[in-house]
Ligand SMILES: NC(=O)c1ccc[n+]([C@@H]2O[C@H](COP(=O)([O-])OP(=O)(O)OC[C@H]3O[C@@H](n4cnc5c(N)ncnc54)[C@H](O)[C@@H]3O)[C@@H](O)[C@H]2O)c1
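Let's start with one chain on its own, the form predicted alone, as structure tokens.
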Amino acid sequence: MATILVTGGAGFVGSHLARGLRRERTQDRVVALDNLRRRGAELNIPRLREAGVEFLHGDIRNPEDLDEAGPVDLIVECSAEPSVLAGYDASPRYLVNTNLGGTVNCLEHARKHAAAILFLSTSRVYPVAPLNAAAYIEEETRFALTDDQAMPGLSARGVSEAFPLEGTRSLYGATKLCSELLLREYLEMYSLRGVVNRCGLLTGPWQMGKVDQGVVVLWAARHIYGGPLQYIGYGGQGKQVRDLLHVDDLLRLILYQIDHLDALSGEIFNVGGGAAVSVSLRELTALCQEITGNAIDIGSEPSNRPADIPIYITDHSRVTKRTGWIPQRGVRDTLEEICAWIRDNREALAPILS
């Protein structure tokens, strides 16, 4: 029996992975550690326990809390302050202490126990200015990348791992990139095993969507409960594009990586839905209206926010070539599942999403 520690384990991604790991790896002990800072995380505690996952209330900023989990064989590091806007209008201390200091504590815990580590990073490690310089065309409902790009690692397929890292990206992206660098040093220096997954826009049921993180769930919730929405930036037309990654697809990849850690250790992968699972805000609105039967007014703010980019699509060619993994969940079926989840839990979710 192995012990798997999932940090951020009551959050959207962490709770889904913890429950899935316990379901698929029945011989293993799975512990979910979370500080319950994000509202809605408390709703996942009964779900974790029902799945046979041990819940530990703790904070990765405190090494003693990690010690409460005891010796571990694998850490799945999902904890983070995930907002790209964090630190712009307030102190970045929590962001830095969690996303960077917390990673150091997790790496130290891995070192002490010779544990492997799967680190969930972000597409936001790529710098903003070069992404904004990407060549794209404006179509009726979206922006679209062209194949003729000046930057390496960029094509109509999206952004690959070869995209340059020189430039600024937001404190959120910077803390994640610093954590990646530290992790690779730990792997080499202490003969550990680990993989970095630079995830795109993750979504699915049980995500407590907000304006700055979880936009797909937020969009669906507003069409069910009502409330304001805005197209912000790039003319306020809602043509910004992101690719979506259903958390089930991420779970499938994590399970594969655990079983093939010796072969994959040290790798960095861009992980996302790719061009086939991409959507603009305008297209997302049309789908929400169709699925819910509700139409709401969408405001328009032409000005860009800090760290905004018009289009980000993950080129997942590398991880597909190395593992055979490809995303299976499309935009529409993901959105239908999210809307069904909100309706089925309408009363419980109303204080958070309405």
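Because the structure is predicted, anything quoted here is derived from the model rather than measured. Numbers follow the displayed sequence, beginning with 1.
We do not show the form predicted in complex with the ligand, though everything after this point is about it.
Colleague: Is every one of 158, 239 and 280 within 4.5 Å of the ligand in the predicted bound form, counting heavy atoms?
Modeller: Result no, not one residue of the spot touches the ligand.
Colleague: Ok, 286, 36, 298, 326: which has a heavy atom sitting within 4.5 Å of the ligand in the predicted bound form?
Modeller: None of the others qualify; the residue that does is 36.
Colleague: Note which of 86, 258, 202, 131 lies within 4.5 Å of the ligand in the predicted bound form, where distance is taken over heavy atoms; exactly one does.
Modeller: Of the listed residues, the single hit is 202.
Colleague: Among 318-326, 59-67, 288-296, 301-309, which stretch has residues whose heavy atoms lie within 4.5 Å of the ligand in the predicted bound form?
Modeller: Of the options, only 59-67 has residues within 4.5 Å of the partner.
Colleague: With the cut-off set at 4.5 Å between non-hydrogen atoms, does residue 94 touch the ligand in the predicted bound form?
Modeller: Taking the distances in the predicted bound form, the answer for residue 94 is yes, it comes within 4.5 Å of the ligand.
Colleague: Answer with yes or no whether residue 173 is in contact with the ligand in the predicted bound form, where contact means some heavy atom within 4.5 Å.
Modeller: No, no contact at 4.5 Å.
Colleague: Indicate whether residue 120 is a 4.5 Å heavy atom neighbour of the ligand in the predicted bound form.
Modeller: Output for residue 120 is yes: heavy atoms within 4.5 Å of the ligand.
Colleague: Check whether residue 207 has any heavy atom within 4.5 Å of a heavy atom of the ligand in the predicted bound form, and answer yes or no.
Modeller: Taking the distances in the predicted bound form, the answer for residue 207 is yes, it comes within 4.5 Å of the ligand.
Colleague: Could you pull out the residues of 62-94 that have any heavy atom within 4.5 Å of the ligand in the predicted bound form?
Modeller: If the 4.5 Å heavy-atom criterion is applied to the ligand in the predicted bound form, 62-94 yields 78, 79, 80, 82, 94.
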